[in-house]
Structures are given as C-alpha cells and as structure tokens.
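What follows is a single chain, given as structure tokens, in the form predicted on its own.
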Amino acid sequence: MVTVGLTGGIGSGKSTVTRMFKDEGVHVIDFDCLARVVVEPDKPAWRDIVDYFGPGVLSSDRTLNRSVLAEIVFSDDKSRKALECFTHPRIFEERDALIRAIKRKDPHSIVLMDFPLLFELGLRKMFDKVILVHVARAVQIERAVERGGLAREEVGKRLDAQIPIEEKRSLSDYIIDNEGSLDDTRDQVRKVIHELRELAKEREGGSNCC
C-alpha cells in the first residue's frame, strides 16, 4: 500500500483535486469528513469541546456551530491546541479503521488522505508521498470570499495561522498548480497517479522477490 497525504490551504481547490483522484480510482480518506463524524452530538470529542468552550459553541440542534468555534480557535493558539487535543486522537482512530478495511480488500492500493493541516501538525513522515495543491495567496483569498461565508480578514487569519505556502512547497513531493483550467489540473493529477502506481508496482515486485 502507498499512502499519500494531500494538502492545501483554504481556497486552493483541494476538494476539487481530491475528487479528481477519487474519479481515477484512488482510495480517498477525507479528514474533514472524519472531523465532522467524531464531533457528532454526545460523542466523546463533542463532550470535551462543550465542557471546555461552553454551550455557546452549539447550534440549536446541539451540533457544533463550526463558524463560532472557528472564530475562537483561529484567534487564539491555546484554544486551537485544545480543540486539536480533543479531536485528533479520535480522528486518527477513525482513519486507522478505514485503512485496515482498505488494506483487507486491496493490499496494494494507493490511499490518498486529504489532510488540510498535514504540515502544521508535523505529520509529513506519516505518508510515503505528499501532494500540495498550490495557488497564490491572493487567489486563495478571492476564491474563499467568493465561495461565501468568510470575510477577507477571516480568510487572512486562517492563512496566517498556517505554515507559509512556499515552505509547504519545499516539503512536498508533488505540486499541483490549480490556477489553470480543470483540464490542466486533471492532467497533473493523472501524471501523479501514474507515478504513484509505478511506485506501488515497485513495492509489489520487491515484496515478491523477498
């Protein structure tokens, strides 16, 4: 199995790129999706968050109000780290269960994990390869604002809380430039998949030789 981390900042189009990988037959684990699962009402992470931040972070249906919580944690490092302590261990438990299930069905598969904070959490070594979806900061801000729900200042706060994009570029194995057309991005995705499949074949051949 080849494990691949895919990351990119807000407004980079990371979700679009992830769908392209999935359309090409790559197994995808979405950490944002797992993050939502582990904080469903009355689950352990949900209880920890409500105990720490108070009922003001809840919506009327008892689910977390993500915009209220984001405003708190992106303005205060201590709050952000507390949230990570409550959620990340549970997210990794969910991830491990999914990886085990994939491995049972397809032992030589490529598994791509969509992980926005991959570098910020120091998880580079967790993956065989890392892919960065890259656009310029100005493009990130424009896209995030156009998508709705966030002001420019809020987008800037989120970007400032993350490792600078140029540093992420230097830490990545593959860079997908997502400022062009969808066809151009898809061509880049297919090229990366081809190289990853070659890596999987090399590993399979190596294991057979042993």
Ligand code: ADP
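This is a predicted model, so every value here is computed, not measured. Residue numbers here begin at 1 and follow the sequence given.
The form predicted together with the ligand is left out here; the points below concern that form.
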| property | result |
| --- | --- |
| Contact of residue 60 with the ligand in the model of the complex (heavy atom, 4.5 Å) | no |
| Distance check, residue 170 to the ligand in the model of the complex, heavy atom within 4.5 Å | no |
| The ligand contact at residue 193 in the model of the complex, heavy atom, 4.5 Å | no |
| Proximity of residue 147 to the ligand in the model of the complex, heavy atoms at 4.5 Å | yes |
| Selected contact from 175, 37, 182, 68, since only one has a non-hydrogen atom within 4.5 angstroms of the ligand in the model of the complex | 182 |
| Those residues of 1 to 40 which, in the model of the complex, come within 4.5 Å of the ligand by heavy atom | 9, 10, 11, 12, 13, 14, 15, 16 |
